[in-house]
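Single chain ahead, by itself, as structure tokens, in the form predicted alone.
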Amino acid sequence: MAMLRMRATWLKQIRVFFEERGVLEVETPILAPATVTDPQTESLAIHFRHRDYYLQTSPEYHMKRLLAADSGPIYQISRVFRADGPGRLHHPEFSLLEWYRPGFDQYGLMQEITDLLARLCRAHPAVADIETISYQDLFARYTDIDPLREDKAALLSWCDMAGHECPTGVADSWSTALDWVLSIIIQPQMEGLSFIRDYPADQAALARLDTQDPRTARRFELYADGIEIANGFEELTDADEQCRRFEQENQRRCLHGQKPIALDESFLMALEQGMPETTGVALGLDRLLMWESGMNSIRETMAFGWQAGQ
């Protein structure tokens, strides 16, 4: 019950925070005929009225359609679903706080996230000392890999020399290999709160490329003691480029033996009609609650969590 009360307090504080800043709360569909093409994200499908529908992994596409309809700044606290087995950091159903700020760049939104954390986690000392570091510098700190210059062969060679055995499938793509190094080798060593910015371009299918260095995208993530808490972008607004990236992701899905996903034509049409320059972020409320309260699993932050083996 103490955790339920803490969650309820947070939800109230979040709504007050955004009301003070003139950000509109919205609701979008949980069940929809389209879903994400990301090979690393599997959606839960429901067969209804002779076709497949999907429980949404994020409210992103619908919220961007509202932005294209001139909604202005918006936020949503939503229940989202992913075909992940339950674990310490994963749950098939969880709570996501997602918001979009037309006119903000990634640094403006990182500051707003910092302000929100100061409201929600005011007693936590790490909130007063959040580090910002580039993806390239993060790898330089913990490995001898340059993610913007080297290739899979160099990465696998370094892993072998450092005594890290890469599992089958990791080397299928450069992006997959980097993800593995980040999650298995780097994240366990991270302490405190850190914004990681300037991700490699091929790891940001929904983000703008950096005009100064097109090898990187205007994507950032927030980590708390090595746990991913939030993922944000300066959003891609070019419909043709977005369609090309979706098709590339579907090609990767096919290479991995996954089912290709039909493109969300309504979302692409909204981009075509014009979405303002915007930065958005999705923040996992359950993980943040877990970190702030010192719990060992996100299941402990929920009233009814899935047990392993369900």
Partner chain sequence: MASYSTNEFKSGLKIMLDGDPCNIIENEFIKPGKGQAFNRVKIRNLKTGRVIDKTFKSGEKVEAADVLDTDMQYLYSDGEYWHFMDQATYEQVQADAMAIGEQTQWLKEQDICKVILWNGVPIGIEPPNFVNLAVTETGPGVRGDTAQGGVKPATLETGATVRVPLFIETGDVLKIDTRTGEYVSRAKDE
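Positions refer to the first chain, counted from 1. A quick note: this is a predicted structure, and the numbers were derived from the prediction, not measured.
Below, we turn to the form predicted in complex with its partner chain, even though it does not appear here.
Not one of Q106, P214 and R245 comes within 4.5 Å of its partner chain in the predicted complex, counting any heavy atom. This chain is drawn without its partner chain; in the predicted complex, the residue among S266, Q258, Q40, Q273 with a heavy atom within 4.5 Å of it is Q40.
For the options E228, D210, E112, E93, the one in contact with its partner chain in the predicted complex, meaning a heavy atom within 4.5 Å, is E228. Shown alone, this chain has one stretch from 151 to 159, 80 to 88, 137 to 145, 121 to 129 that lies within 4.5 Å of its partner chain in the predicted complex by heavy atoms: 80 to 88. Among heavy atoms of D238, none comes within 4.5 Å of its partner chain in the predicted complex. Taking non-hydrogen atoms only, F220 never approaches its partner chain to within 4.5 angstroms in the predicted complex.
Proximity of V170 to its partner chain in the predicted complex: non-hydrogen atoms within 4.5 Å are present.
Proximity of F195 to its partner chain in the predicted complex falls outside the 4.5 Å heavy atom cutoff.
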